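Quick heads-up: it's one chain on its own, the form predicted on its own, in C-alpha cells.
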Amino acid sequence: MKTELTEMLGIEYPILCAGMGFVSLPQLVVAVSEAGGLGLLATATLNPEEVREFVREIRARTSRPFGANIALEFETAEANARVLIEEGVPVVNLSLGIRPWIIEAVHAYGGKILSTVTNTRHAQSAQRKGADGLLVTGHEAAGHGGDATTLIVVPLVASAVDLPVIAAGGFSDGRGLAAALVLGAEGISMGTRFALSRESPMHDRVKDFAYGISELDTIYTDRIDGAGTRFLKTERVDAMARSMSPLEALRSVAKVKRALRLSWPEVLRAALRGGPDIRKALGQAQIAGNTFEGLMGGDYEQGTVPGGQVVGAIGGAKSCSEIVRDTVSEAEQVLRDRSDSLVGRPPHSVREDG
C-alpha cells in the first residue's frame, strides 16, 4: 500500500507507532519498523545519554526507517533534540510545540519533521514553519489529544494544508485505516493498539486489564496536569479527575525522580523552571510518576495508564507484524468491497416538500 506518506518516509505501509513515554522503546520501535511501518522512539522520559544509546541500538537491530518523538514541554527536550540531530535520526516528531531551529537542523541532514497538532490553526502554523507532515490527533486518542474528534479534525486539516496528514486517535484495524484514507489522510498512527502488542514493554498485568474493558472505560480530563489527557478508567483516576490533591501530588515527586532517573538537584531545577503555576507543575509530576507506576510497574489501581477509546476494540495480544499485516490487508479489502458495493447504485432520491 503506497501513499504520499510512504513515499516521503521510505516505508512500506502508511502506519506509525506513536511515541509513547515509557512504552515506545527500542524493542517496540524495531518491531514496528521491521513490520513495514514506522516506529517512533519516545524521548520525553529519557536523558540524552539514553537517547543516544537507544538510537544506536535501534540502528543495530534494523536497517528500516525509524523516528523519534520530542515532547517539547519536557525538561530534557532540547538536549535530546540535539542528540537526535547529531545521530541523524531520519524522522523527528515534534509535539507540544514546535521549534524552528530543530526543523532547520533536521532538514540540513535530509531528515523529515512531523508535527503533532490538534486543530487547523496549529496545522497551518506548523506548515508555515517548515514541517514536512502533520500527525493530527483527535479527541479519542490516549494521552494529550485535542478537543475535536478525529472524524472532524482530520478532513478539516487535510483540506487546510498542503502536507501529508497522519490521522491519530481511534485507530486499531483496517477499517480505521480505510476510513482515514477516505477522510484525506495519507496514513494512521496507532498508540494504544501497539502499546498492547506482544513486543510492548507495558506490564502484562496492565495489558490483561486493558483487554477486558470497553470503549466507555476511559476518562478525558484537564484536572490533573492542566491539559486534556485520556486515561484508562480506574477508581483512582476518577478521583484524581474530580479533584487533584496537592499533598498527593507532592508524594509523586519521588516517583518522578525514580521514573526519569533524576537527581534531587535536577528535580529542583525543573520545578523552578516551571514558573509560578505550582499546581500545574505538581499535576505534571503526578502524571509522570503515576504513569511509570501504572505502565511499567503494573499497578494500575494506584498508578495511571494512558489509553484511547479504541481500547474497547482490542481483545487480545498480537505481534506488531500481525497488527501491521492485518491492518493493511483489511483496509485494502474494505476499500475494494465498499467500492464494489456502491458501483451501479442509483443515487438516493431527495423528496422536496411543498
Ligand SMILES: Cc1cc2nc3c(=O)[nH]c(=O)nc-3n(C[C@H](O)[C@H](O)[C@H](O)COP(=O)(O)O)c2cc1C
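Note that the structure is a prediction, hence the values are computed from the model and not measured. Residue positions are given as counts along the sequence shown, with the first one as 1.
In what follows, reference is made to the form predicted in complex with this ligand, a form of this protein that is not presented.
Remark: Gly303 does not count among the residues lining this ligand in the predicted complex, judged by a heavy atom distance of 4.5 Å or less.
Although the partner is absent here, Ile15 sits far enough away that none of its heavy atoms falls within 4.5 Å of this ligand in the predicted complex. Among residues of the shown chain, Gly308 is one whose heavy atoms approach this ligand to within 4.5 Å in the predicted complex. Although the partner is absent here, Gly187 lies well away from this ligand in the predicted complex, with no heavy atom inside 4.5 Å. A heavy atom within 4.5 Å of this ligand in the predicted complex is found for exactly one of Ala71, Ala126, Met240, Ile102: Ala71. Site annotation in the predicted complex: the residue of Leu28, Ala35, Leu295, Val55 reaching within 4.5 Å of this ligand with a heavy atom is Leu295. Contact annotation for the candidate site: Val23, Ala44 and Gly191 all lie close to this ligand in the predicted complex (heavy atom within 4.5 Å). Only one of 153-161, 82-90, 213-221, 168-176 places residue heavy atoms within 4.5 angstroms of this ligand in the predicted complex, namely 168-176. Annotation for 90-122: the only interface residue with this ligand in the predicted complex is Ser95 [heavy atom within 4.5 Å].
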